[in-house]
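The chain below stands alone, shown as structure tokens; this is the form predicted alone.
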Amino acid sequence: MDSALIPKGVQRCSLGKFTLFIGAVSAVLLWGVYAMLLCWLKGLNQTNMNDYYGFALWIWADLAVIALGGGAFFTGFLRYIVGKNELKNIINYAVLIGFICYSSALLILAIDIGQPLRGWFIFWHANVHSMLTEVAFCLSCYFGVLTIEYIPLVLENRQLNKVPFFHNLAHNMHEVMAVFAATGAFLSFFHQGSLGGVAGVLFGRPFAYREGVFIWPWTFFLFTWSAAAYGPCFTLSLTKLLEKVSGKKLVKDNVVELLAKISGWMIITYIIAKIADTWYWAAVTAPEGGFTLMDFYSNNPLYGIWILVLEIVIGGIIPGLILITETGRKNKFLLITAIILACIGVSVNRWVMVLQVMAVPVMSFDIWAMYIPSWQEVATTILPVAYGVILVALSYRYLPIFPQERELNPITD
């Protein structure tokens, strides 16, 4: 029934099967919307936030999706500014993933406000001394850039592209896309950095506090670096997942291996900087404040020293070493293992910079309080995932996301 909308030369599942899939995911999405409405109508008492945990689970998700969505700006930077033309075969998907991640981040912020009708306050009554203000402005502007980058892809739909105006608009937007890619890289540098900077200037939270350059703590640069390093791994992992679900090869190996190689070297250089930062913090910064390294870790289930090993060794060194070696990149099992571990590594980094920062006792009467999110927090955290699955499914079905799909999957009568 919808075959006229599907790109030429590719095959998709039946409309009935597709509708059934969208319906199942929509049920999950509606569960998240219900929880979101509870938070808006009844207040943040629907969460398990308290005096120890002023951030809900969704704030970790917010920082994690922003980091994972970094694949959009870094792949765009490599494609349009550095001139890695091979990446033109995956840039559409990277932009789509970035669009989903950043729209999800804005949605999560709207939930966190509690009263979304006051969302405009952050722009109209901006606190110019706050890094979060910079984050909000850059995040909103970059989402606008991603929308501009996504529009030409929508206009290339088989039916829309028949309209001369839309056809010419899409063509002209592609011609100037390098400008938006550069703008996106600039905006991302500041908002990714400022998210890290927020943690690094917390003088009262010695787990996060860092030395730095002028007004910028080390965490400013580490957040930007890690997003550029790990973001492409998220794009690659979702590409492999879509290939598995669709049963088709969508991107040639040389494209995947190029992006994996660049990501691997970025991870290795980042993890060296991260280890240096951790060592300086443990050997100099923390002792000057009267703390030892083990004061920041506990034997409880969430905040043991194992989490540092998980972030740096398992989620950093191992995937980085796999991805910089040709043998590792060409071995499918090792490649998939590496990109999954990398996604876990950066998510754990955002977890400790959000949750563990608040969990570490800083007063003599403080305790290692544990945190179990309410079901409303879990549902609103899953909500963006369901939204993303639906948008990927619709885009894959009706838009030419993967330029190499027809060549890799010729239709035989």
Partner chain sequence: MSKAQEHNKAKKYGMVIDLDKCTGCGACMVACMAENNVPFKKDESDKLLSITWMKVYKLTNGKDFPDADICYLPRPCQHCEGQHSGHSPCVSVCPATATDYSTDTGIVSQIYTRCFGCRYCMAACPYHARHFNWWDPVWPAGMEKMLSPDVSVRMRGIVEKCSFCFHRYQRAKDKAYMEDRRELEEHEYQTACTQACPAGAIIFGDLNNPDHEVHKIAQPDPGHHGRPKNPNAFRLLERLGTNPKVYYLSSREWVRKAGDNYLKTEKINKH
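What you see is a predicted model; the values in this text were computed from it and never measured. Numbering follows the first chain given and starts at 1.
FYI, the form predicted in complex with its partner chain isn't displayed, but the following is about it.
- In the predicted bound form, its partner chain sits within 4.5 Å of a heavy atom belonging to Gly289.
- Among heavy atoms of Glu311, none comes within 4.5 Å of its partner chain in the predicted bound form.
- In the predicted bound form, none of the heavy atoms of Gly76 sits within 4.5 Å of a heavy atom of its partner chain.
- In the predicted bound form, Asp112 approaches its partner chain with a heavy atom inside 4.5 Å.
- From the list 222-230, 117-125, 244-252, 313-321, the contact stretch for its partner chain in the predicted bound form under a 4.5 Å heavy atom rule is 117-125.
- Checking Val352, Ala64, Ala379, Met49 against its partner chain in the predicted bound form, a heavy atom within 4.5 Å turns up for just one residue: Met49.
- Checking Arg205, Lys330, Lys261, His174 against its partner chain in the predicted bound form, a heavy atom within 4.5 Å turns up for just one residue: Arg205.
- In sequence order, Trp40, Leu41, Lys42, Gly43, Leu44, Asn45, Thr47, Met49, Asn50, Asp51, Tyr52 are the residues of 37-52 having a heavy atom within 4.5 Å of its partner chain in the predicted bound form; the partner itself is omitted from this view.
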